[in-house]
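Below you'll find only one chain, the form predicted on its own, shown as structure tokens.
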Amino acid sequence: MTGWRETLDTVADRTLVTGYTTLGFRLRERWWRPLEPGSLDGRRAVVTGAGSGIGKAIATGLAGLGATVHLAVRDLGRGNAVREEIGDQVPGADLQVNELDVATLDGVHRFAEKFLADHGRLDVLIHNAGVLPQRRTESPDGHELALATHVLGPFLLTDLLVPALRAAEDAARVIFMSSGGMYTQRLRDDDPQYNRGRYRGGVAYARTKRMQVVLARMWARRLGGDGIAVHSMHPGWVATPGIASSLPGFATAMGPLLRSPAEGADTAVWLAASAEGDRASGQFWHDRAPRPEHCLPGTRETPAQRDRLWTFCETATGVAR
């Protein structure tokens, strides 16, 4: 993207309503090259939170490009229903349903142990599972729920699946589904469990999405020598069941301007399947382009803060290095 297109894209990105809604997607998709049919033939992918919304759309997109897709879901009944729905859209798709509650450390261990025993190789890992709590609640392990779901579970799952990612035939990809809401928050390494102050679900969500972006860049540095590319991204403002239940006022106000789940999923599928997904590991993406990680003053973190977050995650998940 060069010249006037880059300028237009940047202006849209900074004006939010233009860049984050379906208007921005429809503007930018005119410039994109379609992904090659069969570009994920023979590849194996895991998508967490694949039971609805963006996760379901990601799984559909990957399956349409030929990947074997593991729908990692809390509710097996829902997962099996989604497998049938995707199978109707993508005849012949290889879809497997696996139980995973990413907010529980035991659940992550069980999933990873079974996956490694049954398969041993993984090409694409997409951390999509999300939650927006209305009040402060804790996971079975005693961690604030948004932190457990968006940060600790994905941290542990990535660590446990590194051997399978190393075994990928081509460069493996790890993708964190973050949120544009993270721009509003600085890295709270001083209070990762949100124990201080009045708890607000939207703030907890945005804080942990900021953590995902920081950790993705750190994972990229650590895994680059193993041929594993790591990215974070945000999908824009998407009409999903989660948004409708957690932010009904926002969903009503934005109405038809919200993106479809498929539009929100596009960049994740593109990062998983395109040659560009091998490059520029550690970037933060939106609509197939790298984006700045900080837009507001006072949100930049220091290297020491990043290191403290990493150490906290190691301690909280029991990961030893």
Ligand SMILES: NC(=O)c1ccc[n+]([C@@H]2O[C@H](COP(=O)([O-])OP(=O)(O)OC[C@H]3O[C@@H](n4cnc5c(N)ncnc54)[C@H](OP(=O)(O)O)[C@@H]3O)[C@@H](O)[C@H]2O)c1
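Position 1 is the first residue in the sequence shown; the rest follow in order. Everything quoted here is computed from the prediction, not taken from an experiment.
We do not show the form predicted in complex with the named molecule, though everything after this point is about it.
With the partner left out here, the named molecule still marks one of 154-162, 114-122, 100-108, 191-199 in the predicted bound form; by a 4.5 Å heavy atom cut-off that stretch is 100-108. Of the listed positions (217, 136, 74, 166), a single one reaches within 4.5 angstroms of the named molecule by any non-hydrogen atom in the predicted bound form, namely 74. Interface residue among 223, 206, 213, 129, judged by heavy atoms within 4.5 Å of the named molecule in the predicted bound form: 129. Here the marked residues 51, 54 and 149 all reach the named molecule in the predicted bound form, each with a heavy atom within 4.5 angstroms. The closest heavy atom approach of residue 178 to the named molecule in the predicted bound form falls within 4.5 Å. Put simply, residue 186 is far from the named molecule in the predicted bound form: not one heavy atom of it is within 4.5 Å. With a 4.5 Å cutoff on heavy atoms, residue 174 does not count as touching the named molecule in the predicted bound form; it lies far away.
Heavy atoms closer than or equal to 4.5 Å to the named molecule in the predicted bound form belong, across 219-238, to the residues 235, 236, 237, 238, ordered by sequence position.
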